[in-house]
Structures are given as structure tokens and as C-alpha cells.
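Here we start with a single chain on its own, the form predicted alone, put down as C-alpha cells.
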Amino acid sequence: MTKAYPFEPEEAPPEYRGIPRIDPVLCIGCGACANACPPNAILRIDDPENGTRRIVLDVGRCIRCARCEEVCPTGAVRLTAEFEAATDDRSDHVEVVELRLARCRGCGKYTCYTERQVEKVLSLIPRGILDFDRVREKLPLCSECKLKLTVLNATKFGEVEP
């Protein structure tokens, strides 16, 4: 039987893996999706000068393997039921989420993680088990300041903090 497609939309089967989309509200910019993407359809690009991280999804490179969806800790990446990717404009295939990098509490430089990542980690810390304020003070440190703090704490070995 001849169908009226493309004049009438065709519905994809429920198990179909369609075009992935990133919810910019849920994305924390961790880059887990970029690390898991076999064809490098998702890239994590840091700009330490301006303090931004961009998560760039190129649907034209995507093989619909769903690894990005599986590893996303916030559910920001979802495969849709969309299957029509044809377009005249290449920019229709590119989705960009831009997030702010966190500043180091020690030196003020931008760190290698986003402000949303810091918020997410802090939201996961169970209250009453760890000293929340102390963790919050130490969390946004750059690798250099973490190293300095580690060396400083190592020299205090054996001393008891009040």
C-alpha cells in the first residue's frame, strides 16, 4: 500500500533510536557524553580565557548508538523519535550548550569544571555525614591549588585539627 509520506508524517516505531537532543536546562557540562561518543558527534570545548565550556552536538556525525544517553548523569541527553535529518542548512545539525566554568577559590583562575557541576556535586553530598561547609570551600579549586593544598596537608601529618 502506498503511503502519503512525506506529505503525512510517518511515526517511528517505539524502539527506534532517533536524533539525540540536549536539554540545556539539565546539562551540567560534565562532558560524559563527549567521552562516550564513538564517532565524536559530541565535543566538549573549553575556553579558559573567557571561562566557558561548550558542549557541541553534531547530529550529522551521530550513529544513534545511545551511549550519550546512557552516560548522562542528569538525563539531559535523550534520543528522540525524530528520524528526518535532511536539511538545506548544515547549522540545523549542530546544537550548542554553553556553560560557565567555575572559578578557583584559591587563585581565581577558571577550573576544568563548570559551575553547574559544582552545584550538582554539592547537591549530592548527604548532610550530616560530611562537613558540608568545608567541602564547599575546597570543591572549586584548580589543579594547581589542589596540589598546593595536598602538599600543605601532607606536611601537617600527625597534627590534629581543632
Partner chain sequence: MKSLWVFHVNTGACNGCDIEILDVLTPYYDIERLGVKLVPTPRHAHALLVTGPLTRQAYHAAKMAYEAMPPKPRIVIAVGTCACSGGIFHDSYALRREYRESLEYPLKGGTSEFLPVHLYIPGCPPRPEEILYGVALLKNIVEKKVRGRRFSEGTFVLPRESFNAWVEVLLRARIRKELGYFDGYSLLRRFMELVESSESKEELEKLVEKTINDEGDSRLRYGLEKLYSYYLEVVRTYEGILAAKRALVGLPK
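Worth saying up front: this structure is predicted, and the values here are computed from it rather than measured. Numbering follows the first chain given and starts at 1.
As for the form predicted together with the partner chain, it is not shown, yet the points below apply to it.
Contact annotation for residue 119: at least one heavy atom lies within 4.5 Å of the partner chain in the model of the complex. At a distance threshold of 4.5 angstroms between non-hydrogen atoms, residue 156 is out of contact with the partner chain in the model of the complex.
Shown alone here, residue 124 lies within 4.5 Å of the partner chain in the model of the complex, counting heavy atoms only. The partner chain in the model of the complex comes within 4.5 Å of a heavy atom belonging to residue 54. The candidate site formed by 40, 45 and 59 is fully in contact with the partner chain in the model of the complex, as each residue has a non-hydrogen atom within 4.5 angstroms of it.
Taking the partner chain as it sits in the model of the complex, the stretch 23-37 comes within 4.5 angstroms of it through a non-hydrogen atom at 24, 25, 26, 27, 28.
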